[in-house]
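Form predicted alone, single chain, as structure tokens, below.
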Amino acid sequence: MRYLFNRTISSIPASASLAINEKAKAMRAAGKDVITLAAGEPDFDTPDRARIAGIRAISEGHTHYTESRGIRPLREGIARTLREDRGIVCTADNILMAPGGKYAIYETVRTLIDPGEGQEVMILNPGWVSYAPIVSAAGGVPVGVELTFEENYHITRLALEKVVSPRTRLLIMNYPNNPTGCVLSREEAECIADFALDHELLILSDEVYSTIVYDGAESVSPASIARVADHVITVNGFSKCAAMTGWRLGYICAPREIVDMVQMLNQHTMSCLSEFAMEAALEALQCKDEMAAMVESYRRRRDFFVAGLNAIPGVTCHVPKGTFYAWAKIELDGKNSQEIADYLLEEAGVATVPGDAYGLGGTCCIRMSFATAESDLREALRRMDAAIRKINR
């Protein structure tokens, strides 16, 4: 039988990070020694207190439908955290739970974009691999704002004005940034705010790495800027900050009118989250010490790993101020990022993600996660150094 599929969905590319992970797994299954630095996942377990809270909730029978917005104690806890930690003025009524940050982004974009109208969504590049496919799946047109490695991806009004048009509806941004590790400075946040107001745009601010910052750095939340707050949808979750990737716990914080409309889609697509998972998340909000210990571990690994990368001929890596990724530019006999990633996988047995997956700004760059064992990171550095020196003598 010949199956007919939605043309938009069938044209969406596979996730590059998931694809390289699968390839690395296949090589391992075939007996090859592969170190993977491709996965965007903390190498810690969910804090004990949160796991116990989830188990307790299951044992007490908290396994039924709940309200689609999410249980109120959790929404109140999230709102309190956003007020105290991010400077966002909000209440529980501004919070909507979703099964992971990725779905929170999709349902928000799907709610705000009218398919078939040619509405455009600006995406700061390098940007997470799923933004453009999500916009396409929602019926919008993704438009990249290309920032540069040489300027360490500094946001300027000129770069934004180059691609805005009368059809632009939304700007997607992600800070601390995956893949570059950049944070959003106060100057850049004010620039974004002025731009959004001047062009009457909404901002979707993905802040899932907001707790993972180093050296006293601050990544400003656009929603904390009062004059533009009613234009901002903030997306966050528990996957990165509390090592709860498999629990699928994300949320949006937005003006009540937007939350109410997104909830309409929520009700007809995913109904609600698991109550026991949300009770675990509520406990995770109290795990500040455990989260801080994770970040300190990432910082130590960042320091030696980035220094090791910069010691390799032809490799340049800015020190990330946030996230657990190293974003390195590699000059390697004219190879593009896909060819570099393929070479490192085949020659060195190290899996990385090609930069082109994150937009045109990724040319000759690769992303590597240092949220992995220190011994693996040191061995990966040794292998990459040897492989790259074969070409860059």
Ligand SMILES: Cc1ncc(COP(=O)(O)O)c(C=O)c1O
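Residue numbers run from 1 along the displayed sequence. Since the structure is predicted, the reported quantities are computational estimates derived from the model, not experimental observations.
There is also a form predicted together with the named molecule; it is not shown, and the following applies to it.
Looking at Thr234, you'd find every heavy atom of it more than 4.5 angstroms from the named molecule in the model of the complex.
In the model of the complex, the named molecule stays beyond 4.5 Å of every heavy atom belonging to Arg80.
Although the partner is absent here, Lys102 lies within 4.5 Å of the named molecule in the model of the complex, judged by heavy atoms. Shown alone here, Arg110 lies farther than 4.5 Å from the named molecule in the model of the complex, counting heavy atoms only.
Just one listed stretch, out of 238 to 246, 188 to 196, 114 to 122, 154 to 162, contacts the named molecule in the model of the complex at the 4.5 Å heavy atom level, and that stretch is 238 to 246.
This chain lacks the partner; the member of Tyr131, Tyr214, Phe305, Phe276 within 4.5 angstroms of the named molecule in the model of the complex by a non-hydrogen atom is Tyr131. Among the residues Val208, Ile71, Leu96, Cys317, the one placing a heavy atom within 4.5 Å of the named molecule in the model of the complex is Val208.
Although the named molecule is not shown here, in the model of the complex the stretch 156 to 176 places heavy atoms of just one residue, Asn174, within 4.5 Å of it.
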